[in-house]
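First, one chain by itself: the form predicted on its own, in structure tokens.
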């Protein structure tokens, strides 16, 4: 669970700091960016619904891990864009994409036994880029660090306002 909270903190920090540049980026839009950070982890729905069940139902090859890639996240972002007002679609697209990208980037830095990350750029390539192995997704300290940075960003923006 610290992994998901860390992703939310990272997206919050990025969006909050961007609000200094863009006046329209209010608290509601920061929340949209944070929601974008949750998109790649929608792949964890596999714990509730097995991919084989979906594959049998749709009669097409299916794997939930596809959501945790660039292509899968883009599809989810596009679904999110069509459910908002036409006037907000560009902003929502940008913020959901920003949140999802920050999540994918942070996960590409995870410590893996193989020294290689996952297919983050699928379907563009099936290449597994090398990972610096900075942390485990279960590391609690990461949540503390990202949360502290998020609080600092919030206080900085409040002070500047």
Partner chain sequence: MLHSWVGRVVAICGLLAVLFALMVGLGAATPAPALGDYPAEDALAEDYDSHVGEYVQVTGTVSGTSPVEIAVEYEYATGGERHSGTLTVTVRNVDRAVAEGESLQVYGTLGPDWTITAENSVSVPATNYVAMYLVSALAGLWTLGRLICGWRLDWQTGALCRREEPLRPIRALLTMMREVRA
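Numbering follows the first chain given and starts at 1. For clarity, a rigid core is taken as the largest C-alpha set superposing within 1.5 Å between two forms. What you see is a predicted model; the values in this text were computed from it and never measured.
Beyond the structure shown, there is the form predicted together with its partner chain, which is absent from this document and is the topic of what follows.
K.L.:
Any of the heavy atoms of residue 107 lying within 4.5 Å of its partner chain in the predicted complex?
P.N.:
Residue-level check for residue 107: no, no contact with its partner chain.
K.L.:
So in the predicted complex, does any heavy atom of residue 155 sit within 4.5 Å of its partner chain?
P.N.:
Flag for residue 155 set to no.
K.L.:
Contact with its partner chain in the predicted complex for residue 66, defined as at least one heavy atom pair within 4.5 Å: yes or no?
P.N.:
Output for residue 66 is yes: heavy atoms within 4.5 Å of its partner chain.
K.L.:
Is there a heavy atom of residue 136 no more than 4.5 Å from a heavy atom of its partner chain in the predicted complex?
P.N.:
Residue-level check for residue 136: yes, a contact with its partner chain.
K.L.:
Using a 4.5 Å cut-off on heavy atoms, which residues of 98-119 contact its partner chain in the predicted complex?
P.N.:
111, 112, 113, 114, 116, 119 sit within 4.5 Å of the partner.
K.L.:
Once the core is aligned, please say if the CA of residue 45 is shifted by at least 2 angstroms between this form and the one not shown.
P.N.:
False for residue 45: its C-alpha shift is below 2 Å.
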